[in-house]
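Shown next are two forms of a single protein chain, provided one at a time as C-alpha cells under the names structure 1 and structure 2.
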Structure 1
C-alpha cells in the first residue's frame, strides 16, 4: 500500500461514513473474548454440537460458551438447530452473514501475521 492508495481509502471511508462507525459496530459484535474462537471452530467443522464445540475450543466455560452462542445467534452470525428430542440434540451452523464476516477477517489475519514476525525480529 502506498500513500496514494491510503489517501483514497481515507476519502472513501470519510465519504461513506454513516452516523455510527461500521468498524466499531463490527468490533462490538465480535470483540468479546470468545466470539472469534467460537466462529473459528464452527468454520473448521460446521454443525458441531454444544459439547463438541466446547471440547474443540478447550478452555471455555459453559457460561461463556452459552453467552457467546446466544449473542452470535441474535446477531445473525449462526443458527441453532434443535431436534427437540430427549435427550436433546442441538447443532450450530454459521449463516452466510457469519461466513462473510469470517471471510472479511482475511486482511486482519495477514496484518497480524506480518506484525507478529516483525516483533520477533526485534
Structure 2
C-alpha cells in the first residue's frame, strides 16, 4: 500500500468513527489469543467435534478451548449442536455472524503469509 492509499484510508476512518471505537468492540469479542484460531479452523472445516478442533489447533489447552468455544457461542459467532445421543455427540458451527469474518480472516492469512516470507528470508 502506498502512502496516498494509506492516507485515504486513515481519512475514511476519522470521518466515519462512531462514538464507540469499532476496533475496541471487535477486540473485546474476538481478541483473546485462541478465539481467532478456533474460528479459523471452523471456517476451514465447519462442524468439527471438540477433539477434532483441539487437534487442528494444536497447542491449545482443554481449559482455553472450552472457554473460547463458550465465549464465542455467547457472543453469537458459533453454535454448538448436540445430537442428543449417548455418548454425547456435539459439533461446532459458525453462525452467519461468525462467517462475516471470512474476509478479515483472509486478510490476516495473506498478511501472515507475506510477513512470514520476509522473516524467513532474514
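Positions refer to the first chain, counted from 1. Each form is matched to the other, and the largest set of C-alpha atoms that superpose within 1.5 Å is called the rigid core. Keep in mind it's a predicted model, so treat the numbers as computed, not measured.
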Structure 1 or structure 2: which matches the form predicted in complex with another copy of the chain? 1
Quick one: once the rigid core is lined up, does residue 103 have its C-alpha move by 2 Å or more between structure 1 and structure 2? yes
Is residue 17 among the residues whose Cα moves by 2 Å or more between structure 1 and structure 2 after superposition of the rigid core? yes
Going by C-alpha fits of the two rigid parts, what is the rotation of the smaller one between structure 1 and structure 2, in degrees? 13
